[in-house]
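Given next, in structure tokens, is a single chain: the form predicted on its own.
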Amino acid sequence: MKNKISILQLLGGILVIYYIAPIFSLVFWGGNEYGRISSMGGGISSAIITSMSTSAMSVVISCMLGIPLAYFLSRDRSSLKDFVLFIVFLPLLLPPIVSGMVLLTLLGPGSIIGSLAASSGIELTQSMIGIILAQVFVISPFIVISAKVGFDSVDEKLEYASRSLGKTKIQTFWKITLPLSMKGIIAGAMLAFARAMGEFGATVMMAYYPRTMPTQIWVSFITGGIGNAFQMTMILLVSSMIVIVLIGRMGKEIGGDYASY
């Protein structure tokens, strides 16, 4: 019967409820805190700006580096592909704190790279650069994997046809492959941005200052409990939702523009 709920819908519905119930619980629990949002200090405002700017930059960098890598993984037929794909998955398997630790051993003040950078006046930790380095390490696999899925879905016969008509490999990539895989890339960018906005472990290890929103939430929580961290938590939640909606709409527009080629 059409009106009956299937077991699949029931199971999926339980998971959806589990996603959204804690959010509603937080909203209703801290509803009396809304009136004090206008009294936010400069530290919170700075955390918002820091999170937004570093997350956006990290997604851009991850796309610039990750999309070419995804294309290689999708089209390469050698055994090297499997090894590279294994490496791509590693940051996803590491706990965020461990990711921060391994980055510190490579880029921290006591490392060779960190010391060389510091002698040149570039701080790789306790800076915006440190935040971006941590975020790119954590979020770039989402870009690579999603873009690879998008490239895998493109029929290679279309690429061969384009090449047979005199188009170069680069022209074929821009005019055929990239437009047809754009949905996967946009999905990866959305996941990556959301992950960057919420990243705490690797970020706090690389840069306690300047504080991102998750770091500010943690500081507020350990100094005053959930009530003290409520405002920042709601701002992070709402801002992430808004940005994801905007990215989704932008993806549809870009997909529509590419479809006209």
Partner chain sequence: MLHIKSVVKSLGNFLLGPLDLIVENEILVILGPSGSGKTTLINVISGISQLDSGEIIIGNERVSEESIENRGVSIVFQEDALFPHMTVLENIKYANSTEEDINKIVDIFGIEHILDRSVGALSGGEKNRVELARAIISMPKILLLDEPLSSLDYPVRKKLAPDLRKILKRVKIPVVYVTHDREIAWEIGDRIAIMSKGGICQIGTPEDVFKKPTTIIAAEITGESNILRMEMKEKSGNERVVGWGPYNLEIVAEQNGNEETIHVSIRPDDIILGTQGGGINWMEGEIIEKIFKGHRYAVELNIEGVEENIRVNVPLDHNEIKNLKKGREIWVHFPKKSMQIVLDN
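Positions refer to the first chain, counted from 1. Because the structure is predicted, anything quoted here is derived from the model rather than measured.
Another form, the form predicted in complex with the partner chain, is not on view; read the next lines as being about it.
Interface residue remark: residue 163 is counted as part of the site for the partner chain in the model of the complex, having a heavy atom within 4.5 Å. Within 4.5 Å of some heavy atom of the partner chain in the model of the complex lies at least one heavy atom of residue 168. Taking the partner from elsewhere, residue 116 is found to have every heavy atom lying beyond 4.5 Å of the partner chain in the model of the complex.
The partner chain in the model of the complex is approached by residue 176, whose closest heavy atom lies within 4.5 angstroms of it.
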